[in-house]
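Next comes just one chain, in structure tokens: the form predicted on its own.
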């Protein structure tokens, strides 16, 4: 099937065609021609006003909840959410039931998604059952294309276990992700520790719970020379620590959730559980520092932290509600609305496509002739309102329904498939 994309502005700093408005012809999964006014016949011709094209977007932190929590979401609906958001690849977190911590579990994910337009990739837990004690069979898992290991929101507390995991990562050329959250300090907090938590009478999670573990993990990465990625950075001082470590040559990368860029703890004042996330929403000063970190390269990736939760776990008292917000469908529109004044379009694509692929997959895509066709087509300037019908998850735990966003994906091509996003 030939697909001809007409008059698209190419956003790809790795391509000689960057910032040029050209036609792109795709056949059998490859880009076969890029030129002005391609007249060759194609089974599908796609054109759209203000059309832009980039390498396919990748989310570094998604939860599709299958196996075990299919009442919240599953692989099929998760894929629909990814398509709606313009993503061609997602990396799943292992907090399912059972936990993804063996070859059989990873094969379950791949076998049930292999025909999809979306590359559904999965992490494995670092420790068996995400219990923080016994390391999984990392060599066996790596052999079935599982390169990334994380205990995700459980945070790996035991220093000696983290050290061994990082040593394995060096041997395997794998990647260890850790959410920096010292649980002995965060101590089951419900929101950011500060003026707002004090006024509301809610137990807070202080920045220091993150900062202490960032220090520990940086020191371990320096000692082991392992491959470390810090997930969900939310505190301003953490950004400074990572910046210093990178200057010293420590092998470290980091991401930030869209939630911690566009919202603050002030939004919790209504006790709306839609704003209960982990890491918690921090202050405007934290957000400003995170955005600066994105701009100067300290923070490498923006992730959606797509976390479907059912009504029973969300529509309850704030103390008892589950953490999490849906993210895939709204992420690009939120970036356009809130961050386009700080980040160029090229920098945004770097944070949601180029860097996630490089960090998690060691993959480099380019929009050039002869390259694999894995692309997202989008309009960065269109303003639109997120409605309930835009949510493709089984859950609807997002505070953004009814909000005006800016920028929207209109189509994706991957795995020899083309989908126009409705």
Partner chain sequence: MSELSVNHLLGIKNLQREDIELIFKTADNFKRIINQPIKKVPTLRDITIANLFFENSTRTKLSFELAEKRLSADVINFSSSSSSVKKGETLVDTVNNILAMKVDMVVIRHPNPGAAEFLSRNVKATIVNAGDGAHEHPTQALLDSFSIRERLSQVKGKKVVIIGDVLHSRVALSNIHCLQKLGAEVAVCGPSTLIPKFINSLGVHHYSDLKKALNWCDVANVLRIQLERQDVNYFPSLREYSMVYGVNKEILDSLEKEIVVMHPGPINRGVELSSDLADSDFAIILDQVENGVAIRMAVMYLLAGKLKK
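Residue numbers count along the first chain shown, from 1. On a predicted model such as this, the values are computed, not experimentally measured, just so you know.
Not pictured, yet referred to below: the form predicted together with the partner chain.
Contact annotation for the candidate site: 74, 111 and 119 all lie away from the partner chain in the predicted complex (no heavy atom within 4.5 Å). Exactly one of the stretches 250 to 258, 132 to 140, 225 to 233, 318 to 326 approaches the partner chain in the predicted complex with heavy atoms within 4.5 Å, and it is 318 to 326. Proximity of residue 203 to the partner chain in the predicted complex falls within the 4.5 Å heavy atom cutoff. The partner chain is not shown here, but in the predicted complex it comes within 4.5 Å of a heavy atom of residue 193.
Residue contact check for residue 199: one or more of its heavy atoms lie within 4.5 Å of the partner chain in the predicted complex. Contact annotation: residue 296 falls outside 4.5 Å of the partner chain in the predicted complex, judged by heavy atom distances.
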